[in-house]
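The structure tokens that follow cover one protein chain in two forms, given apart as structure 1 and structure 2.
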Structure 1
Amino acid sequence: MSSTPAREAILTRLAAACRTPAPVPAPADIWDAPELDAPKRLELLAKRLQAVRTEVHVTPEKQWKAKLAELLAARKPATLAHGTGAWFAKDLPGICKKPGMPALTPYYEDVDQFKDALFGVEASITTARAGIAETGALLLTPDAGEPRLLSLVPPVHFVVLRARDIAASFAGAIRDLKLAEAMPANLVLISGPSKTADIELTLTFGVHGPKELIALILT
């Protein structure tokens, strides 16, 4: 058989296959969103974050400032970067005014002007808009008030999450945040300190970004 008839036979079979679309199962047929009450969502999220070396602290919201001060005093970072749009930004000067606390480095400049300062800070603190219990992830929606680099560059990353914002699944978080109505320009999912298994599939932590992730979950 010459190459031309063989080529035409192959193309004919491919064309015929394209006329028969592959069946697409309904989402409900292949996946069910877990149904978890609030205590179970908190328990599962903390368990799965800790499984990948995230330090988790659950504390009442009224006491979160004292808890953050305790954690900063234990680690002694010299500097702490934060976004000026964070809901807790107004509380940080009071937390860090005591001796031994880090100097605050607010992120309010363009990245080209701020990058040298950012790569020199020892810790950062950001807000998580949601937690996802099913996968053990924290969901951040960076914007001008809390730029994305705050979660990528400093070696120690503190994340503040309210327990009421923990969803059972990613789909639940998308629904609760109404992201389908107003999709953010950027969305970050964090499941622990930076890690890679590029070399011989050996999992190594703290290679490309934060070496430590500390989650404060406020109840």
Structure 2
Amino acid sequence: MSSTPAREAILTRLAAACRTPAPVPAPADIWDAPELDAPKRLELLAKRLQAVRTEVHVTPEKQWKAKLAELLAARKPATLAHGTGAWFAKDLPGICKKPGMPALTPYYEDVDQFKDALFGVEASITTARAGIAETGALLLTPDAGEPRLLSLVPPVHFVVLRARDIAASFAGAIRDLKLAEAMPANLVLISGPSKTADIELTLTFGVHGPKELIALILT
């Protein structure tokens, strides 16, 4: 079916009614979130993530493997999925080799082959490319090394973020990562575990996406 006649008709109607362009609002007239220094960003991000039921652990980078081992031991997922492109992918076998640790399920095949395995996995771990303090969000840009479904399908999602990657605001993150010039194929902001309030506005967690979101912020 050709939709070209529809396109022409719509654009012609719009053009016939078009008015002089409204001016671009001056930057001073555009709402923006305030700037924050690094410690404030970390503090605010942790606070706001926790407010929407994300578990937050701030840990020095040197000790983060021990921290992850501790969190895994407490939660005991049978399996842990991860992308092969994560910077910590090479560390995971070491962390998970002790008894009681989850079996690693690397996501390296096409989803058509991996889908059934993925829907059975109990937990996943991904990186976050940035954090956003002001809205309390983790910014993920899934790619070949860390596919999109890792942060969505498994019921428990661990996210690893370096504190230096925390931007003050969403607008700040857009600037820092130069997103307007090169948007990744998919970008997601995640602020907490999946939730809904569709029944009597009763807030419940884990409706379709992860039931638990655990953020490890490395300082």
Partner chain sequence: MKSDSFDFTAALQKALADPQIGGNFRGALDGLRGKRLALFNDAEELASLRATGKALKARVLSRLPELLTQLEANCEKNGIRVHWAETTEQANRIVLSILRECGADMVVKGKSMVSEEMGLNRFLEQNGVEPVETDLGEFIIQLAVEPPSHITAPALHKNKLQVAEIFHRCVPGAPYTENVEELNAIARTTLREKFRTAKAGLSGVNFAIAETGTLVLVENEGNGRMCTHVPPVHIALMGLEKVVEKLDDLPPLMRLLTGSATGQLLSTYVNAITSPRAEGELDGPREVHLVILDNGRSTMFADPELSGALRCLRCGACLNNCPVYVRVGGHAYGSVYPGPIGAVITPQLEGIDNKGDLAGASSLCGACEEVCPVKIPLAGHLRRIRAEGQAAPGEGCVRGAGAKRSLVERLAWTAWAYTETHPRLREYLLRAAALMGDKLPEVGPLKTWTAARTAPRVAPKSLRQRVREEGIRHE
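Residue positions are counted from 1 along structure 1's sequence. What we label the rigid core is the largest C-alpha set whose atoms superpose within 1.5 Å from one form to the other. What you see is a predicted model; the values in this text were computed from it and never measured.
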Query raised in the report: Which number goes with the form predicted on its own?
Result: 1
Requested in this report: For R19, state whether the C-alpha moves by 2 Å or more between structures 1 and 2 after rigid core superposition.
Outcome: yes
Query raised in the report: Relative to the superposed core, what is the Cα shift for A9 between structures 1 and 2, in Å?
Result: 22.3
